[in-house]
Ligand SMILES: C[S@@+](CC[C@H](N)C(=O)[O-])C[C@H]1O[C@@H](n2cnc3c(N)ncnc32)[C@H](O)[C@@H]1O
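First, one chain by itself: the form predicted alone, in structure tokens.
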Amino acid sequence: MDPSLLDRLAAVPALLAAAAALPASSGASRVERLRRDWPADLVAAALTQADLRARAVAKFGDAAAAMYFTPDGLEQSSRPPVALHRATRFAAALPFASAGSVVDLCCGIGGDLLALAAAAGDRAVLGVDRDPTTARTAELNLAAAGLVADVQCADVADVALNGVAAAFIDPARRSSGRRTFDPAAYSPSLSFVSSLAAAVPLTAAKVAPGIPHEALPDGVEAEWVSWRGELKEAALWFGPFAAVARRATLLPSGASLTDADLPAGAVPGSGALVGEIGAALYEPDPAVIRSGLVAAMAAGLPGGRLLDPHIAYITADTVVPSVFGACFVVEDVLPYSVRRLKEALRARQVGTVEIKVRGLDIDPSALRKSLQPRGDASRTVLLARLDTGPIAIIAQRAVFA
């Protein structure tokens, strides 16, 4: 879809409403019905938008009904709570910055741009994207949200940075249609991001959550963000933003762990505080694991310790809740074998089994079939490879009032 077709579509809200009212399951009949009153190219564009808006509800909620999307833009855009979290950090820093605007480079359809425009106060906000349709989509989404920002269609390398107080950049992480995990292959590359931060100290960059730790630039704060227990994004915070080296943030609670919470002498990813399994077992949130802050979580629990230096399970002698991960009450610990595990579950009349695996090449679905669980009870089985060998932990999810 080119920008002119997008503008024509935006001018006929009745068509968009009619397309949204027709279920996708109606197939070709909905095309025929709409083409009685509107041109074919507009009908095709409206049905595409209706389908994208329906998909976008999972990410944007009710706001999706008034927004415009491209397929790639929807997939790659930030979830609003994550964008709000970042924009809040910008808003906290801007009063201490010199006069100037806020720029969102590679703004896409405007996921972060909307949040920045809402948080920037009186400062001018500029979004930049090199794709004309994507840039126009961002403009329409700003208008739908009642927010004000300028949007330019340009290459971010050509954007003048004089008068810019803060910058956010979301480099493309796909090459030839495939996702890339090499920061040097981002577009623009991570080296460009570092040069941007040299020119605009208040800079943050969205990166893939799987970015290798060894690829992180010196002096940045790397933050991994999860949403309702799923790792969603990572960001690099430069200059005055960089309060710590590593951070794990859990949304919607906003709970945060950093390397400042590590026990003395420990470093991110270290295996400090290793000990025997106790009454409680904790599975850290994936943001905690990816940030290398499992030991920091353990240090915050009474008697918390790791089961193994290389396995992201924490144990303690007291069952207490943690905002940084799920808690399980340990019932039994067995040397791992299918036969022993099957017998132990049968003795408990377990018919529903949740299986979690760390450090072992085991397919949970295949194992569940082998166990042939029967009964009314439910349990969680946590498998792990320790230095002493593989073990199976039978547990129940802890319930706290």
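All residue numbers refer to positions in the sequence shown, first residue = 1. Note that this is a predicted model, so its numbers are computed, not measured.
In what follows, reference is made to the form predicted together with the named molecule, a form of this protein that is not presented.
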**Q.** Heavy atom contact within 4.5 Å of the named molecule in the predicted bound form, the stretch among 283 to 291, 303 to 311, 100 to 108, 214 to 222
**A.** 100 to 108
Q: Kindly indicate whether Q76, A154 and D170 are, all three, within 4.5 angstroms of the named molecule in the predicted bound form, using heavy atoms.
A: yes
(Q) With the partner left out here, check for me: in the predicted bound form, does some heavy atom of R130 sit within 4.5 Å of the named molecule? (A) yes
Q. Any of the heavy atoms of T88 lying within 4.5 Å of the named molecule in the predicted bound form?
A. no
Q. Is there a non-hydrogen atom of T203 within 4.5 angstroms of a non-hydrogen atom of the named molecule in the predicted bound form?
A. no
Q. Does S187 make contact with the named molecule in the predicted bound form, using a 4.5 Å heavy atom cut-off?
A. yes
Q | T134, T315, T249, S322 - the one with a heavy atom within 4.5 Å of the named molecule in the predicted bound form | A | T134
